[in-house]
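Here we start with a single chain on its own, the form predicted on its own, put down as structure tokens.
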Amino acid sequence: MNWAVTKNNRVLPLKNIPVLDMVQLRDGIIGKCSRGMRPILFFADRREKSPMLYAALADDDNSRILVSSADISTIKKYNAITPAVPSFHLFERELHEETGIVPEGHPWLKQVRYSWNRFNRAETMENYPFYTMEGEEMHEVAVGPIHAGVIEPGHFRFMCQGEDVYHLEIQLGYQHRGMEDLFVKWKKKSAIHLAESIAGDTVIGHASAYAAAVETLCGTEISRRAQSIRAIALELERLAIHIGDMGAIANDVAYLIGNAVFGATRTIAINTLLAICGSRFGRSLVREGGVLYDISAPLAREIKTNLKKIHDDVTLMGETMFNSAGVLSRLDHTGTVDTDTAKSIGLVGPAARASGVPLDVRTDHPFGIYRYFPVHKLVLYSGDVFARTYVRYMEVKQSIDFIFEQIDNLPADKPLIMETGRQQPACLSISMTEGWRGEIVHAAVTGRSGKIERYKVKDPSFNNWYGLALAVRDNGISDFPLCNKSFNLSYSGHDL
């Protein structure tokens, strides 16, 4: 077989991963993707004398992950995958940036992050080849990289005719933290702090993915109680950010009562995380081997009281807002990404589900307590700002119901945290988690001693930034803030 078959949070010995030539790997990827599979990882491991390229495809219908590899020590170029599988476009650009290997025929071969150890240091932000359009009525509008408020750096270049946007190009890569290298260099006990800092609004999501990757390598199955508490925190993170996003979208259409109510309600949600672990963003809760904080009976009652208040306020405000003709006139048919486009470019998370693409790791590749408490996928099909907002509204209420179910059935088994022990040598561990933005993927490759020697991170923003660029086309430039908020993507999660 040319592909090894594994599952989410399973150990895959490196010796069991087939090593193909690039032609075989490329043809295999195209063939598998034509039959409904999709890329989740495509990265180089450059630490050996014979550097390897790993490809992982998700078979969502069967909850499987297919993995293969190629020896790229003598590869300088190959025929690009992107023309046949458009969702590979950023993966191949990233590979080119890191190794210099050229995917010939790639339609948009530009730098992705400008990492400190990129192959070609002559490629800089200053000489980035922006797409241009010519015509008497054409003009460009440049926004960023410095923005008002506290958002992080990113540059947006609009090609416009009058107020209408023909094309948006998004240039990222302004942050150079070297996160993946730090996972290798830092001590194991400290690396969880890196995971919590990949994207500051997704602490639980990334920490859970990292912890599960390590636990898998160590053969550690954490207690059901710890699994449940992690899931409660993950759903609190989801509903808190979704509520905040609904408030931001309300603000952008001048629906100020919605902005005020959702903003106040978000505070209740993040203060509930504060009550659990001492951090409104969930820091210090998730650790390798379990969790550091328990949910006592009094705390469980407090959480349920808070959730009842959140549910009532979100329902009342949501029903009012989504019945407002003024609000709907701004949300409907704005920033549309249709189903075929969303699937083609590889959208994930609420943005994908709002465009009719039913992807959710909690269901497709269940992990932790979700293996015992299934989550129903919530899908809409219009693919516009309305759909991306309303999916959030539905998911907030779903998360509340899920947390109630967990608290009412909180397992009694202990310990909350346990020692993880030694990591298995020469293995690959892939850990997938459904964060509030969508699919988070962490992969760890261990060497002969069991130490992690290559760590790969994929935040859902990596998949979805291009979706924002396409959503803005044929809209007024004044609609960009609304489209942007409806995706709410991470700069730091992308730049790593």
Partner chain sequence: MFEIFKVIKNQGSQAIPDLRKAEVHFPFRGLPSIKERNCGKCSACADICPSGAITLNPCTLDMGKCIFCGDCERACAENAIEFSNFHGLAATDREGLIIDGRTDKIIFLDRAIKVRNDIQGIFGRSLKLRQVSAGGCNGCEWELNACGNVNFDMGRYGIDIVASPRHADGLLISGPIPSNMARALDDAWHSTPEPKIVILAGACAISGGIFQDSVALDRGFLEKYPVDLYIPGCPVHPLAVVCGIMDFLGI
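Numbering follows the first chain given and starts at 1. Rigid core (definition): largest C-alpha set, two forms, superposition within 1.5 Å. Quick caveat, the model's predicted, so the values are computed rather than measured.
There is another form of the same protein, the form predicted together with the partner chain; it is not shown, and what comes next is about it.
K.L.:
Taking 4.5 Å between heavy atoms as the contact cutoff, choose which of E302, D71, D338, E405 touches the partner chain in the model of the complex.
P.N.:
The residue in contact is E302.
K.L.:
Tell me, which of D245, D360, E395, D252 has a heavy atom within 4.5 angstroms of the partner chain in the model of the complex?
P.N.:
It is D245.
K.L.:
Please pick out the stretch from 405 to 413, 167 to 175, 418 to 426, 361 to 369 that is in contact with the partner chain in the model of the complex, where contact means heavy atoms within 4.5 Å.
P.N.:
Going through the listed ranges, the match is 167 to 175.
K.L.:
Report whether all of Y114, V261 and M317 sit within 4.5 Å of the partner chain in the model of the complex, measuring from non-hydrogen atoms.
P.N.:
Every residue of the candidate spot has a heavy atom within 4.5 Å of the partner chain in the model of the complex.
K.L.:
Can you work out whether N484 and the partner chain are in contact in the model of the complex, taking contact to mean some heavy atom pair no more than 4.5 Å apart?
P.N.:
No - in the model of the complex, heavy atoms of N484 and the partner chain never come within 4.5 Å of each other.
K.L.:
So in the model of the complex, does F130 come within 4.5 Å of the partner chain, heavy atom to heavy atom?
P.N.:
No.
K.L.:
Does the partner chain come within 4.5 Å of any heavy atom of E137 in the model of the complex?
P.N.:
No, E137 sits far enough from the partner chain in the model of the complex that none of its heavy atoms falls within 4.5 Å.
K.L.:
Would S197 count as a contact of the partner chain in the model of the complex, using a 4.5 angstroms cut-off between non-hydrogen atoms?
P.N.:
Yes.
K.L.:
Within 4.5 Å of the partner chain in the model of the complex, counting any non-hydrogen atom, which residues from 125 to 163 show up?
P.N.:
Contacts from 125 to 163: M125, E126, P145, I146, H147, A148, G149, V150, I151, E152, P153.
K.L.:
Comparing between this form and the one not shown on the rigid core, is the C-alpha shift at R422 2 Å or larger?
P.N.:
No; that C-alpha moves by less than 2 Å between this form and the one not shown.
K.L.:
After a rigid core superposition, would you say the CA of K189 moves by 2 angstroms or more between this form and the one not shown, or not?
P.N.:
Yes, because once the rigid core is superposed, the C-alpha of K189 moves 2 Å or more between this form and the one not shown.
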